[in-house]
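So this first bit is one chain, no partners, the form predicted on its own, shown in structure tokens.
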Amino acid sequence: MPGTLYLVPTPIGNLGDISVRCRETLENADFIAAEDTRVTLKLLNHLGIKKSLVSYYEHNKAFKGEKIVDRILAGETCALVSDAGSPAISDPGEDLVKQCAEAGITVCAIPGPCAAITALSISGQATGRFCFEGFLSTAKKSRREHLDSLKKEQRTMIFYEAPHKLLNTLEDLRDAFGADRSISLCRELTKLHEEVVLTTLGEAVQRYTETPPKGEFVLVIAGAPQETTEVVPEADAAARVAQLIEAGLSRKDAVKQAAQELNLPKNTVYEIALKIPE
């Protein structure tokens, strides 16, 4: 009978955030798959747990994923952890979960720390609807296409960014969404120097141009304002057509000009113009 893959979230800063259930799952697993075994070993030593560790990260996930799946199919239980936060969220664990699902292996997620949700909850931005966008690509074309696709996104958007890339990312976000768009920069979450800066993209660029950023960031950005279509009353369109006809324009030219001025379909204005007495 196959074993189970457990997704075990680890603290994003404060070691006190590890839950009793997470600790028990790590203790009871046959082995732990870790993004960085050195980071995980420090956590295990803190918890007083000794357990077999295997590395599983972006550049070995194809090969190691198959090995891990084989061990679980043979009956072993695996606990998957990332360096911090919930595994499989902007993390190579996503692929291992897919492999297990395809192999019919049960995957169980243990609730716990997640930087995206922690940042959203304290950001001061709207939380009713949001989308997680993770890290932006470092390739300029992919990065531009990604941001272009979000220009009309009305949900609150969440991004991750490292300090040495933050300024370039803020400049790209400003250029894509406008300098006045609201942003909350959440830094060093759950750590001693936790900070939330609520500002605009334009002001954020200026701030971190003058003061180099430190620590890992979660960027929570307000969505695009809801588009509103101004409805021009029929009487206004009729009045403008009548004025243009009185000024000497033909009905056809008056309809064309009024449609342009009022940003209305020409056919709509024409239907209105037909009601105007000769």
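One-based numbering along the sequence shown. Quick caveat: nothing in here was measured; it's all calculated off a predicted structure.
Beyond what is shown, the protein has a form predicted together with S-adenosylmethionine (SAM); the following relates to that form.
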Do Y56 and S-adenosylmethionine (SAM) share at least one heavy atom pair within 4.5 Å in the predicted complex? no
Even though the partner isn't displayed, in the predicted complex is I122 close enough to S-adenosylmethionine (SAM), meaning a heavy atom within 4.5 Å? no
According to a 4.5 angstroms non-hydrogen atom cut-off, is D91 in contact with S-adenosylmethionine (SAM) in the predicted complex? yes
Using the partner position in the predicted complex, report whether A176 sits within 4.5 Å of S-adenosylmethionine (SAM), counting heavy atoms only. no
Only one of 97-105, 143-151, 189-197, 72-80 has residues with a heavy atom within 4.5 Å of S-adenosylmethionine (SAM) in the predicted complex, and that stretch is 189-197
Out of A84, M157, V205, L136, which one falls within 4.5 Å of S-adenosylmethionine (SAM) in the predicted complex, going by heavy atoms? A84
Contacting member of C114, I110, A126, L167, with respect to S-adenosylmethionine (SAM) in the predicted complex [4.5 Å, heavy atom]: C114
Can you tell me which bits of 7-46 touch S-adenosylmethionine (SAM) in the predicted complex, meaning any heavy atom within 4.5 Å? I12
